[in-house]
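There is one chain below, alone, in structure tokens, taken in the form predicted on its own.
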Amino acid sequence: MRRLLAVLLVVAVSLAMAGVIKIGLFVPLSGIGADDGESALHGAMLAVKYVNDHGGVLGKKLELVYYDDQTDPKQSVSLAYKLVQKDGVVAVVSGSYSGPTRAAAGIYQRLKTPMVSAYAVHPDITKAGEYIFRVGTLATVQGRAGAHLAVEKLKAKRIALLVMDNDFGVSLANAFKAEAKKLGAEIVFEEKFAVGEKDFRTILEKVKKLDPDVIYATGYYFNASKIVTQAKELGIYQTIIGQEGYDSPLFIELSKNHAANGTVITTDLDRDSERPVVQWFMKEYEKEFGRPADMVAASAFDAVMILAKAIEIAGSTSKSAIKDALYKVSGIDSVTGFKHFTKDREAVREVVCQVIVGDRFHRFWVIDDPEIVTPGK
């Protein structure tokens, strides 16, 4: 009998070791965010591969269960129930934009399932509750950092704002505007545009007449490429300041006649970092997927790695234990420079400013003042 029990124990342990831990992911693989969604998916896939190649977590392999949210908040809500109730994931990464992420956050909170937002910036996302965390930079932090970039680094006194009319664009612009005014700058122009806008000439003509020192334009890479191209065509040569939405090789590719050059952005990825993990990630990502990595991919990679570390700390796949362990994750070798979460589940990190020169992203400035980069300040 003892021998039989021993054999059964070995079989049980072997089966447990052979099991998987499911991590969910929702990303926009169709619709306006499809290219960013693909980057986020690839970043998450690379993280899962890395974890599994290094022994997995708790003796088990990670399995990524992912779906296309179509850049649609309604779809992200539907997928939240599917991932948790049908697929049995223990935690979820949002690889999507602020709208779908904000809509889904309340569902994951209700289902008591940890969700880590990779790069969505809207402040209300983490306000959904104690199960909702953000690896990317909060809009109020990134907008504030952008104001310091404009006023302190670029010496701007008169600023024009072009604001994409969605959660991402408005939240960043509001934070930028408030901080820029505190720093003594004047907002001489502000106008919103639709997410799908392609012709910015009328707006830019107005901006040109006012002759601001810099232009702060929120948007995604497909908006940004048209803004910088049309600005140069109209003879506008002031520095255009963007954000992480510009952080894509497609921004440079879609900008005509090298118009992206000279643009400065705030983002989470320092491509010139000498940290080994960053250089490994950049090389491995391009090797695996045939295109340069961007901030979206790096943030999704870090989100999965942070969840894996939290599961390891928890020593369990209990969702409440993983949630508690996320607060304890710190000192990991992250690609984006993530340090730890605040009590409000926001990431603490430096804000990197990149400039496009020679059709490539390069380090321009690093903002590390705690008064600027710490959420809640």
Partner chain sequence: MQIVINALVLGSVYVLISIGLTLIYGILRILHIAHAGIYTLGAFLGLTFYALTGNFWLALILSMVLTGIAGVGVYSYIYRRVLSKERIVPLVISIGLFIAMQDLYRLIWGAYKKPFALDLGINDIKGKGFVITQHQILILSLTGISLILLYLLMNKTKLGKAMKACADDLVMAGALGINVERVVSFAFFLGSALAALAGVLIGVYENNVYPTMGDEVSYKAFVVIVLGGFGSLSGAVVAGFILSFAETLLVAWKGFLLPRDAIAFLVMILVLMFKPEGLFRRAST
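Numbering follows the first chain given and starts at 1. Being a predicted model, the structure only gives us computed values, none of them experimental. For the two forms, the rigid core is made up of the largest set of C-alpha atoms that agree within 1.5 Å on superposition.
This protein has a second form, the form predicted together with the partner chain, left out of what is shown; the following refers to that one.
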| remark: Assert contact residue (the partner chain, in the predicted complex, non-hydrogen atom within 4.5 Å, options Glu288, Asp272, Glu233, Glu186) equals Glu233
| note | None of Lys226, Lys153, Lys157, Lys177 but one has a heavy atom within 4.5 Å of the partner chain in the predicted complex; the exception is Lys226
| request: Counting only non-hydrogen atoms, choose the one of 198-206, 126-134, 108-116, 264-272 that falls within 4.5 Å of the partner chain in the predicted complex. | output: 198-206
| Hey, in the predicted complex, does Thr336 get a heavy atom within 4.5 angstroms of the partner chain? | no
| Is Lys256 close enough to the partner chain in the predicted complex to count, meaning some heavy atom within 4.5 Å? | yes
| query | Might Tyr221 be said to contact the partner chain in the predicted complex, defining contact as any heavy atom within 4.5 Å? | reply | yes
| said: Within 4.5 Å, heavy atoms only: does Phe281 come near the partner chain in the predicted complex? | reply: no
| field | Stretch 175-198: residues contacting the partner chain in the predicted complex, 4.5 Å heavy atom cut-off | value | Glu191, Lys192, Phe193, Ala194, Glu197, Lys198
| task | Determine whether the C-alpha of Val348 shifts by 2 Å or more between this form and the one not shown once the rigid core is superposed. | result | no
| request: Using a superposition on the rigid core, decide whether the Cα position of Gly33 changes by 2 angstroms or more between this form and the one not shown. | output: yes
